[in-house]
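Quick setup: one chain, the form predicted on its own, written in structure tokens, and binding and motion questions come after.
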């Protein structure tokens, strides 16, 4: 298991990482951190610092702004390196493998855990989602300025990890969370394919899958008190034999929020409608919604 990201991490020394972390800390006050401030805070002499910044820039971990005041800012790749290096230092992961997914929520890499098991690391890329979607969240992430994508990514990484813990403990169809650092969520690797790629499925398998997804939405709503808010065939992973996993939870809303019922109804109607169109599974969306909200004890049977 190897990747370009792993090669970059292996090429860095302690001073390289110190400079990256110094820039990260100072970005809350500077869009581009002035060179003299980096030197003062990192305590690395100017000549040595200049060589480090040149190499970090060449690796595309930082971006330089020239002008009256020369400054540097992190790239997302730089933030990835900081988070993954931190997880390595904590003994969570030992290596970073290839990228296996690219989506609006973020990039997903295979990683090797310290014990040798394979897991998945999701690196949030919140700049790919619309700011209006992020603003609807009643959380600290909703109050962040439009330009502060790194801060949003970190907040939503923490948000996703914590809700996965609660959902997994209650038996929902979600990956088991392992650890998080900044914008990176390390979770159980589940083999499967996105539901939108699955062209054929028997009615029995389709019903089993839908039942599991609806039960997961029910656990989220009744036991955890949240609504997924963005459910579609793109964030249901099909593992075969009527089983799957529901991913991409950081955009959830609490069920007490004003638009929660509307979002829940949309989530249910969308997944029920997709299963009908793609696989011919006829389930009443109103009865499915009643099950998710606890108004009926069992999932609706196909009509």
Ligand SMILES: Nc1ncnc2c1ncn2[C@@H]1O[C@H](COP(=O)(O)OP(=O)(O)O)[C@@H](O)[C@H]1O
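As the structure is a prediction and not an experimental result, all values here were calculated from the model. Positions refer to the first chain, counted from 1.
This next part talks about the form predicted in complex with this ligand, which is not shown.
Residue contact check for residue 188: one or more of its heavy atoms lie within 4.5 Å of this ligand in the predicted bound form. This ligand is not drawn, but in the predicted bound form it has a heavy atom within 4.5 Å of residue 103. Although the partner is absent here, residue 42 sits far enough away that none of its heavy atoms falls within 4.5 Å of this ligand in the predicted bound form. In the predicted bound form, at least one heavy atom of residue 247 sits within 4.5 Å of this ligand. Only one of 59, 26, 237, 35 comes within 4.5 Å of this ligand in the predicted bound form through a heavy atom, and that residue is 237. The partner is absent here, but in the predicted bound form a heavy atom of 120, alone among 214, 224, 92, 120, sits within 4.5 Å of this ligand. Contact annotation for the candidate site: 108, 175 and 194 all lie close to this ligand in the predicted bound form (heavy atom within 4.5 Å). Stretch 228-236 is the answer when you ask which of 228-236, 80-88, 67-75, 204-212 has residues with heavy atoms within 4.5 Å of this ligand in the predicted bound form.
Residues from 59-85 do not approach this ligand in the predicted bound form: none has a non-hydrogen atom within 4.5 Å of it.
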